[in-house]
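Quick heads-up: it's one chain on its own, the form predicted on its own, in structure tokens.
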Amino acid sequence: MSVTKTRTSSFSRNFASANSSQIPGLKHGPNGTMFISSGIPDLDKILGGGFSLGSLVMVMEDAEAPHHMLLLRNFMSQGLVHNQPLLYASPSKDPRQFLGTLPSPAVPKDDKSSHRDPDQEKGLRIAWQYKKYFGENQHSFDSQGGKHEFCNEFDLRKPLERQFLSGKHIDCISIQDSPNLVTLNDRCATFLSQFPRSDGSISSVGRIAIQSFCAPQCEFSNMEWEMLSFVRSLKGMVRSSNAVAFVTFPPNLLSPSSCKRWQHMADTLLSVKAIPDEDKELEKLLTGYQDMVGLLNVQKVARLNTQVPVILEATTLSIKLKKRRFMVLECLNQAPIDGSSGSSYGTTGSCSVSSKSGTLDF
């Protein structure tokens, strides 16, 4: 009796990669890339989906204001909400105290409707065939394909719940008293060995967050060549793993040549800048100036497995705190043509232009 073989095709679906999309906080991108969220919905849209797995993200700090901490906190909180292992390195003596300042995800309005009383749901006058979209299946269809599963909106005034901080998947290390970078390099290598990149499905992803690298508190802050070698080694280790490294550094403490080399090593390069309180010229130029707390500049966007250049709609965006709780990025709008303020990057970000209609003479 002959055994029939299943006919395979080169266009068959890769079920291993399909299963990896079911992991919370992970989604597919173009050219076989995988994304994890930055913790800021607007920033994910700007970057084309989030941070690519295997990439090095670097943020240039501003000496006038700690706006880079907003990006760092949201990045760490988003990983902890998805139960993704985290390695946090800080120049402070007790880095674990910083975990108490992480924001908590806001409860979306749609979740309130999912917790209806069963007796009330019986009174809904809808067709019976539409009831399958409520209840258990509502979570998978919620928010346009699982928006809340991939990226949350964090409340900066509400601390993260202890249940996300009590797990064993958080590793904190202080780099204040380290005479060199050997210990930090070994800890990063050990951490990244948990997430090897292979052809199979992805079981879990990791996040590395290094705050204020080359800060004056560190003894190795004057060893520029050693620090550059560590950044190069970290990029190589992350590239061969299912993880993302997020590093912030003050560029004013580096020499111009070293700062340029650091920027070249980054896959995704961001910079933050504070806004002066009394800048009358800038206030007249931009709408919504009073609500701005800083500026975010996207200098470089990671593009793995492709040579297509990245063309962004806007590279400089304003940082605003909606209701003094939620971080929002908006395109800069020239003021005041129609009296409207800047809109979130997720909707429209173009400047308003006035036009007059009339007859054309030839």
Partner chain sequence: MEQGTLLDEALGSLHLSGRVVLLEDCVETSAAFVLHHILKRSLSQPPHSSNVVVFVAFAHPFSHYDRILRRLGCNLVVQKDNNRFFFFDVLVDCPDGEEGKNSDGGLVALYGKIQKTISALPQENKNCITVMIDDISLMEVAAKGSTNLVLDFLHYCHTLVSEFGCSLVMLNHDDIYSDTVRPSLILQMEYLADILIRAEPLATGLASDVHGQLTVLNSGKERSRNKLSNFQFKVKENSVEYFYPGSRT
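All of these numbers come straight from a predicted model, not from anything done at the bench. Numbering follows the first chain given and starts at 1.
Although not depicted, the form predicted together with the partner chain is the subject of the following passage.
Among heavy atoms of Ser233, some come within 4.5 Å of the partner chain in the predicted complex. At a distance threshold of 4.5 angstroms between non-hydrogen atoms, Leu332 is out of contact with the partner chain in the predicted complex.
Proximity of Ser178 to the partner chain in the predicted complex falls outside the 4.5 Å heavy atom cutoff.
In the predicted complex, the partner chain stays beyond 4.5 Å of every heavy atom belonging to Lys27.
Note on the partner interface in the predicted complex: the residue among Ser229, Ser193, Ser203, Asn252 having a heavy atom within 4.5 angstroms of the partner chain is Ser229.
The contact with the partner chain in the predicted complex, taken as any heavy atom within 4.5 Å, belongs to Lys260 out of Arg157, Arg162, Lys93, Lys260. Here the chain stands alone, but in the predicted complex its contact with the partner chain, taken as any heavy atom within 4.5 Å, falls in 304 to 312 among 319 to 327, 45 to 53, 289 to 297, 304 to 312. Residues of 238 to 253 lying near the partner chain in the predicted complex, listed in sequence order, are Arg239, Ser240, the criterion being any heavy atom within 4.5 Å.
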